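Just the one chain here, laid out as structure tokens, in the form predicted on its own.
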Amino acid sequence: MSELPVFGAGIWHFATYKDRYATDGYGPEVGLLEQIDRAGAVGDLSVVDLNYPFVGFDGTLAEVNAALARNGLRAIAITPEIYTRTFMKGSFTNPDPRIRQQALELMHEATAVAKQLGCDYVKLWTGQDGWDYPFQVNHHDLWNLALDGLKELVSAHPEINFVIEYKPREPRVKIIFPSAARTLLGIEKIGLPNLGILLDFGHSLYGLESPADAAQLAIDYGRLFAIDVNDNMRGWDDDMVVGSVHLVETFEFFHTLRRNGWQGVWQLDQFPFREDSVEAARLAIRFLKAIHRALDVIDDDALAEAQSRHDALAAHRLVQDALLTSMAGLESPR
């Protein structure tokens, strides 16, 4: 059996949530340090991705570091909040140059925090950069604003990686980085070695990509820096527990990573609105351990031969054998 991967999670997994219906939230507010303690209670997590600024937390970075240390965790990434009301018309692409500058200043500040915490990367989720209506924007100008802003930011910090987390829509009707292919086009145009992709499995599903294909494309260009995993019904970014809907496509995704020797963190990006957040993480990791075992036992030579003939049935027999035997006898989450 090969060595288990490192497991991580976005710290928001352990927060409480609001939507336009439950505006009072699906539970009491959970502070940053308590979120970190909840992540530590999972038992199998090694790293967390932290939002910045630390909303509702008026303590020090030393306190955050101490909370991480007492839970055996490390911050792998900082995600600057460039998608709040201030940036409702965009961050990199805001029509107001003062807001664009404010966004860049926030991202530089977040990068400084990432360096202090020893993070691997800064994650850029440009959810407000895009458009909602035909004729609303000049697409040439919008694209250039995005690329120019990214280049200014990323080139200023060559010692740390940056990743773009693409998504087809929400909150904007059209987000400027909606797919693996278009994101790669922008990254290649910028041409900096420390800018890559974070492939969110659910965003890929929701964008009607095949996540394994999207991962292979990013790997072929040397730009798959990180992944987030979850699940959805393909009609919305539901952020459900990984493996709860698209079990076989999840296996294909991780098989593609294994086949290419990709060694990154297997990171959760789940929103357990109504579920216990610690148990949701434990169940997800239980499933991911089964995927890891299945990767070890699948007959890759036979699979390659079946794929060389495009024989879907032969391939699926091998996949079913690997998955079902690996999931049998799984320990229940603690």
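None of these values were measured; they are calculated from a predicted model. We number the residues from 1 along the sequence you see.
The same protein also has a form predicted in complex with a further copy of the same chain, omitted here; what follows describes it.
Contact check for F201: every heavy atom lies farther than 4.5 Å from a further copy of the same chain in the predicted complex.
Taking the partner from the other structure, a further copy of the same chain in the predicted complex has a heavy atom within 4.5 Å of a heavy atom of R172.
The closest heavy atom approach of G196 to a further copy of the same chain in the predicted complex falls outside 4.5 Å. When contacts are judged by a 4.5 Å heavy atom cut-off, G27 counts as touching a further copy of the same chain in the predicted complex. Note on the interface: of 108-116, 149-157, 206-214, 72-80, the segment with non-hydrogen atoms within 4.5 angstroms of a further copy of the same chain in the predicted complex is 206-214. Only one of L68, V265, L303, A41 comes within 4.5 Å of a further copy of the same chain in the predicted complex through a heavy atom, and that residue is L303. Residues K18, D19, R20, Y21, A22, T23, D24, G25, Y26, G27, P28 are the ones in 1-34 with at least one heavy atom within 4.5 Å of a further copy of the same chain in the predicted complex, listed in sequence order.
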